[in-house]
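We begin with a single chain expressed as structure tokens, specifically the form predicted on its own.
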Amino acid sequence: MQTVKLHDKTFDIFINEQQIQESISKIAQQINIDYKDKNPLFLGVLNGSFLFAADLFRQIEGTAEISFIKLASYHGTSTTGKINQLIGLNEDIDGRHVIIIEDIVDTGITLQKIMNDLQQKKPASIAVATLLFKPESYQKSYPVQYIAMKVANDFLVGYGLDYNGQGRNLKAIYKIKE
């Protein structure tokens, strides 16, 4: 599909399925090198990261674990600026290497909340892997070590990203059509 309609908005294809998978493979290879023999804990941020987390985690070699947290900061097509933690971390991360899996890093507000919460639990290290990174929107100083793709500050849906609950199931990523 070149164009999709979700609720009252129309979206055009922006990144196809093959481009997504190739980008994920590149960062998976680097993570495999960086975390060889370290048993990292991957921490997926729901709901958006679930497809990216699954595709990335399947390419991780060696011993690793995965868990999920759920936070929300969006309503419609814009961030609310307020983070609501809905499901928390159940694993003990003291001394563990943690890799946060995000679908998209834009302002960094959600990432800041996660980093602040995780740092209190004394992990050995914290890294961030994101499918999409919006450098023009990023307002924080936390490093984002593993970036599959950098994108402009457009509203995107598909491959886990949604518009008011719709579009997560799309195999490609679509950009809002103004």
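For every residue, the number given is its place in the sequence shown, counted from 1. All values derive from a computational prediction rather than experimental measurement.
The discussion below concerns the form predicted in complex with guanosine-5'-monophosphate (5GP), not included here.
Inset, instruction - Have a look at Ala64, Ala28, Ile69, Ile109 for me and say which one sits with a heavy atom within 4.5 Å of guanosine-5'-monophosphate (5GP) in the predicted complex. - result: Only one option qualifies, and that one is Ile109.
Legend entry - Residue stretch of 119-127, 33-41, 148-156, 50-58 approaching guanosine-5'-monophosphate (5GP) in the predicted complex, non-hydrogen atom distance within 4.5 Å: After filtering at 4.5 Å, what remains is 148-156.
Inset, instruction - Give a yes/no on whether Ile104 approaches guanosine-5'-monophosphate (5GP) to within 4.5 Å in the predicted complex, heavy atoms considered. - result: Although guanosine-5'-monophosphate (5GP) is absent here, Ile104 would touch it in the predicted complex, with heavy atoms inside 4.5 Å.
Legend entry - Proximity of Ile20 to guanosine-5'-monophosphate (5GP) in the predicted complex, heavy atoms at 4.5 Å: Looking in the predicted complex, residue contacts with guanosine-5'-monophosphate (5GP) do not include Ile20, since no heavy atom lies within 4.5 Å.
Legend entry - Partner contacts for 121-140, taking guanosine-5'-monophosphate (5GP) in the predicted complex and a 4.5 Å heavy atom cut-off: Residue within 4.5 Å: Lys134, and no other.
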